[in-house]
Each structure stands twice: as C-alpha cells, then as structure tokens.
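Before any questions on binding or motion, here is one chain by itself as structure tokens, the form predicted alone.
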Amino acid sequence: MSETSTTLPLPDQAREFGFFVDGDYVMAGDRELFERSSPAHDVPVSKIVKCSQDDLNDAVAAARRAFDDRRWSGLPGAQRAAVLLKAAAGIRARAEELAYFETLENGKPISQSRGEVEAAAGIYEYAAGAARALHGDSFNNLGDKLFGLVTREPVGVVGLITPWNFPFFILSERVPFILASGCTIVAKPSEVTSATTLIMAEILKEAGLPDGVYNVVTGSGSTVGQALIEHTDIDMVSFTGSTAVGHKVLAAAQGNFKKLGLELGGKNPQVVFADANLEDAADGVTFGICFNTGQCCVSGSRLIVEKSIAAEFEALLKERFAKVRVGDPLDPETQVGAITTNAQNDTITHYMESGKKSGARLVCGGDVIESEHGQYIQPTLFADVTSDMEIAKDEIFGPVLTMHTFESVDEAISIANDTIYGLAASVWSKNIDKALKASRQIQAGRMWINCTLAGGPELPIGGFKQSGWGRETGIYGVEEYTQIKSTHIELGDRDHWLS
C-alpha cells in the first residue's frame, strides 16, 4: 500500500442533498436521510434523502407532463444539441467538484475520477451531434399512389437506474442519448453514490434543459428502485447492474410491458497468444483487472493464456501486480483505491478464500491490506484454475484474476465462451488472422484486440447472453430510446372498395 500522504482535504462535514423534481431540489424535511461515509476514510461525506413512493410518483408525474406537452421532444434536434453542448461545458466547469465527490463516495482514485469526468463531457458533445443526426427513412417503391415514411419517435418517460461502480460515467453513457432522443428521465442512482447524479441536475438546468425533463429520486434499490421499475407510467427502464438483479427487473417490468435496456454482469476473458507482445499484454491484463479496483462490469477477470508461455506470462504479471500503487484515493499517485462497500469487500474476500480452498494456486495477493481507515484488497492472481471452480464461473467484481491455459485457437475460443456472460473480451496477438478469428467467434458485445477498456462514445456498448440486451452509446444509443412508426400516405383519389 502506498505511503504517500493525502493531497486533497477531507470535507469538514457531510454535504446534504435534496432530491430533484420538476427543476428544483426538494429538501429532506421530515424524511429520513442516508449518510454516506467515504469507503477510504470512514468519514461522512454526503447525506441523501430516502424518497417515498409519493416522491417517486411526483417525479414520474413531472417527467410525464414534460414529455406530453412536448417542451423537449417537440424541439428541433439542433436545440436539443445546444443544451447538451452547454451541459458538456458545465461538466468541465465543475469537473473538480464532480471528481472529488465521485472519489469520496466511491473510493476510486482521484486521477481516475478526473479522467472519467472529462470523458463524460466528451460523451455529451458526441450525443449533441447524434441529436441532429437522428432520422428515419422513406419508401418510394410502393407505386405511384402510395408513399411510405418510417419515423423514430422518443419512447417516452425513461426510468434510469445506475450502479455504484461508475456513478457519473455510466450516467453520462445514458442521459445525453436519452435526451438526444427527446425522452424525459427519472433517474435513481445507487444510494451510496448519489452526489454526482444530483449535481448533474444543476448542470442540466443551468444548460437550459426544461423543468421536468431530468428528475432524480434517491434511496435504496429495494424500495424506490423497485417501485420505479414497476411504475405503470414509466415507458422504458434502463438498468445497469448485476445479472441477478437484472432477472428481477425483467419480472417487474411485465406490468405494462416496458421496454428494457439492460447492461448486466460479465466474466470477461483476456486471451493471450504466444505471438503477442507479452510486455504489452501483461500491462494490459494488469490494467484490465485492476482498473476501478476490479469493480468494473467489463473488467478482464479471466486470463486465458497459451500454455507454451504461461509460466513466463505469470511471472510478468506477478512483477506488475507488485508495482500497482494501492492506497488513499485522494492521492493523485494512487492507481487502485478502496473497495466501495462493505458488502462488496465481503464478497471479494469470500471468493479469495474459495479459490484457496478449491485448489487454485495463489500466485500473489489473496488478502486484504491492513489499514487504519478504509478497505483495500491486494491485486490477486490465481493459477491452475479449472472451469468448475467458483472463482472461474462467478463475477467477483474485485481485483481478482483467474488464469487458464490453452493449446489451440479453438480451445481458447471454447474456454472464452464457457460462461453465461458475454459482455466484453480482449485478444492479444500479432497474427491478424488469429486475432480476427478469435474476435469473431468469442461471444461478447465488445471486443478489444491488443488493447482493453479502450474506446469512446462512437461505438455501441452492451452484452450477449446473460450480460443483457440493448445497446448504449453511438447512434445506436439514441435509437435505443426511440420507437419506430410506419406511415403510409396515399396520393390522389382513392380507388373505392364499394362501387
């Protein structure tokens, strides 16, 4: 664990937030507050309202009014784009505040939070262009008397449920695209990381977003989140979280046949062939499992390495894992911060013990790091892992990497696909034929070749199999929040059915 000192001060007291409905904050009043402490420092940093069913109903009603009177959906794409561009500028103007609260509530390194906030501003800028590019189609092949139009219309009121691992970045992969489509939003962030979602409400209002278009309710997923999913005046739910909870979202959405966008869990392979640049691959694999403390749905948590180089590659990884700077997330030099919640810390330690008991060989790590404050886990590598082990099958959501070996391309692909998940994958090889074969046959919504966790908002994201359905970002991300309407227009006089 790094011994450097904190370079940013801790807050003197927790900042109290209201929830946001119809363009204004609603303060707690006699409602109960949830106090969030920094997982790295054990000091209170924010206070969030525990919203009631009535509060949720008010937020949904505000979003419904804003959608039905067309104050947003009725605007030209150019005007919606202008608001999104101003929002991007607003994010940059408040970047340090956003990054600071992201780190305080989540425990991720401040350098990572700053990078995510800057990238989020870029997503809003991209979505502004998409708002102007959204279009339908026409059919001029129906004969002289009939003309066809296909138009895209906003789906309506979107319930947006975001997780605690990337509170602001995942919000920013959703909100600007939902807004670009013309929809209105009721957002429900994780109760442990709500601050930046609420700050974004202020930024959007200042950017000129009409009241009622973006609303935020706060509280637990089991109460206000469940009620949001079940609400009959919500037209679509976008949910990011575990596959287990995703199953519950599916069941809850049946009441009014909501459209769903689901980005769920992953057990993502990183396939390393013997002809790869092993130094690059080792660096990429280390980054892929340690980024965001491994609390990342697209984390490269399964290493699948060619047997002939397995020992050499294992040594490279052990060396790199030892260099990872774990420590105070408010220190700009830190690369891996604190585990975000006590429950997740317990989950990760359970899997590390499971790996030891099941016969996997512990190469390095495998334990918590003793600290006066906060909860930290050593980057961990298990080798000699078999497919029946718990650590090989389950999403651990921490800095724990399992190592498997293969002897042929087909075997590598088979191991990569031997999972219920299909969110992301990486392939490391300097042989383009081999790399492309693997990338085409591995079942995953996102593929990286000789890189990992790379890219921007131009390409869509989403999963295969039990990693979810639907796509976010890119032009696909705007289209996701639309419905398609076919219109037939008859020209001239009608040929009468009755003579």
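Numbering starts at 1 and follows the sequence shown. Nothing here was measured: the structure is a model prediction, and the numbers come from that model.
Below, we turn to the form predicted together with a small molecule, even though it does not appear here.
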inquiry  = Looking at heavy atoms inside 4.5 Å, which stretch does the small molecule contact in the model of the complex, given the options 156-164, 283-291, 303-311, 269-277?
reply    = 156-164
message = If we define contact as a non-hydrogen atom of the residue within 4.5 angstroms of the partner, is Lys188 a contact of the small molecule in the model of the complex?
response = yes
ask   = Going by a heavy atom distance of 4.5 Å, is Phe239 a contact of the small molecule in the model of the complex?
value = yes
query = Counting only non-hydrogen atoms and a 4.5 angstroms cut-off, does Glu116 reach the small molecule in the model of the complex?
reply = no
ask   = Is there a heavy atom of Gly398 no more than 4.5 Å from a heavy atom of the small molecule in the model of the complex?
value = no
inquiry  = Looking at Arg71, Lys318, Lys248, Arg92 here, can you tell me which has any non-hydrogen atom within 4.5 angstroms of the small molecule in the model of the complex?
reply    = Lys248
key: Candidate from Leu104, Ala87, Ala127, Leu423 lying within 4.5 Å of the small molecule in the model of the complex - any heavy atom   = Leu423
query = For this chain shown on its own, do Ser222, Ile229 and Leu264 all sit within 4.5 Å of the small molecule in the model of the complex, going by heavy atoms?
reply = yes
